[in-house]
Structures are given as structure tokens and as C-alpha cells.
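For reference, the chain that follows is the form predicted on its own, supplied as C-alpha cells.
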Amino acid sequence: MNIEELQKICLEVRRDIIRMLGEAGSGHPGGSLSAVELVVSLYFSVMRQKPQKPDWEDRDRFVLSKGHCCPLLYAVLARCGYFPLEKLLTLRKLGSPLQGHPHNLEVPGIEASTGSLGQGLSIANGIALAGRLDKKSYRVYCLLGDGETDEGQIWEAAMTANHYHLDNLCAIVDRNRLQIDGETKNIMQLEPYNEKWEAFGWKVIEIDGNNLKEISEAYAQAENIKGKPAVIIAHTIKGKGVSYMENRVEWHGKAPKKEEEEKALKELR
């Protein structure tokens, strides 16, 4: 797909996210909206997949480590054809497979049940190692929140990925600089961030994470890295696309009320 086509899908996905959260009355808009371009680009331009055959052995894999941002993943999966779009409005409702964190036994296209922060990169390591052992050519992508990288398990997984030279693995950090309790620099200072990943043996690619052209180039570059894993540090805007949510920490985990939903959808025309 070209950039213009991807931009249209990003707009629809943002509208899906707002509608889902408005209907549910709960959920996480900030980090879902910030990573839209990153995930849309993956599913519509990069990853090999067969939505009608979600267990296809040679598919590329995606692990959403920051599982609370599953409204984004659900919207993308629905627009790819994994399940009907109308199911999105059942988010977080009793009996719905679209839970507040992704459940891989309930939703086609979900590779791993996530939500306990810090675990996704370890899961992605295991999938990447399995691909090597099975002599498969699939690639594994793992989306992390920057606040999530406070967790020690992330750095254990970073060491492991380098130790095993997992060049079929690409981590993506949604670097929006806000987490549930405030700015990342005040909760746990992450800088010098790029140098940390480099010290753990990763190839670091730094981009504007809301710029589709830069994202496309970064994924292509990551695929050509040999002998080590790649990490894309994607600088994004939390709540991207909705003026009153952008860079506002209070929208980390709060759903819009009816009037706020209408205002957001009007902005996302």
C-alpha cells in the first residue's frame, strides 16, 4: 500500500478506537492512538499473513507487549479481516472475546495473551527461537511501551535476544514519554535510552513513530540487519489525532464520555 492508502486506514483505526472505548466506557486511548501508524504499517505493508487462515505456519508474528493498548490491535485485526468490524463495539463487554487485554485463545490473530507488563519481549524471543529451530523464515515483531521498559524482565530479554543473535526479531518501542503515573523521566529515568539498547547488543533505529514514510524505511532496514536483533525507537505523541488527548497523561486509561467521543470523531473526519 502507498502512504496515502495507509493514512486513510490509520484515520479509520483511530475512529474505531474512539468508538470502542466510548461504547465500553473504559479502556486506554492514549497509548492506543500513539502507536496507530506503527501497527497499521506492519499489518498492511510489512507482515506476511492470511487473515482467513490465522494459524498459517509461515505467517509473521506480532506480540503486543503493552497489552492494555489492545483496542488498537483489535481494530487493525478487524480491518484486515480476522473478524467482523461490528464485533469491535463489544470491547470489554460480558461474554465478548475482546477483553481488556488480548487473549490468544479467544481472538483469531492474537499470538500471545499479554497485559502483565514486561513479558512480551520474552515471549517474542521464544517465538523467534522456535522459528529458527523449525527452519522457518517468519519474522517476529514486538511492540513495547516506553514506560514498560522500567521492567527488569525487558532487559533480561534484551540480553537473551542478543546472546542468541535473533536477527528475525524486531522490537518497537512506543516512545511517547508518558505512562500511567506521569512522565517517564520522573517515574524512572530511561536516558541514555538508545545507548542502553546498543550496550545490550541491539541495532538501534530511531524515527518519528507517527511518520509513515520513516516507519516503512525503518521496517525495511530492520529486516536487513544480520547477526543481531533490531529495535525501533519510535518517538510518538500520546493520544495522537485527538487534540484534547495529545500529550495528556490523564488519557492513559480513561474512556471519552459521549460529548468527548463526538468531538474526537469530528476531529478525525
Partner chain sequence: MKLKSTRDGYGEALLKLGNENPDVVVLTADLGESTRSHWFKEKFPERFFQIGVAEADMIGTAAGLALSGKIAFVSGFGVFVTGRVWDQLRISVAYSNANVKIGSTHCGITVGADGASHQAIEDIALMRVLPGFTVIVPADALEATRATVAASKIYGPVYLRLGRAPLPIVTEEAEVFTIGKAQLLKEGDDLTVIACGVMVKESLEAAKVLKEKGISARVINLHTIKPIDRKSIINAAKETGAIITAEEHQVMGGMGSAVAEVVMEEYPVPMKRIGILDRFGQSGKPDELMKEYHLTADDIVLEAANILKRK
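None of these values were measured; they are calculated from a predicted model. Positions refer to the first chain, counted from 1.
Although it is not shown, the form predicted together with the partner chain is what the next lines describe.
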Next item on the list: Note which of C80, L129, L89, L190 lies within 4.5 Å of the partner chain in the predicted bound form, where distance is taken over heavy atoms; exactly one does.
Entry: L129
Check: Which of L144, L169, L72, A157 has a heavy atom within 4.5 Å of the partner chain in the predicted bound form?
Finding: A157
Notebook entry, point to check: Quick one: which of 195-203, 80-88, 113-121, 177-185 gets within 4.5 Å of the partner chain in the predicted bound form, going by heavy atoms?
Noted result: 113-121
Checklist line | H103 within 4.5 Å of the partner chain in the predicted bound form, heavy atoms | finding: yes
Checklist line | Proximity of N162 to the partner chain in the predicted bound form, heavy atoms at 4.5 Å | finding: no
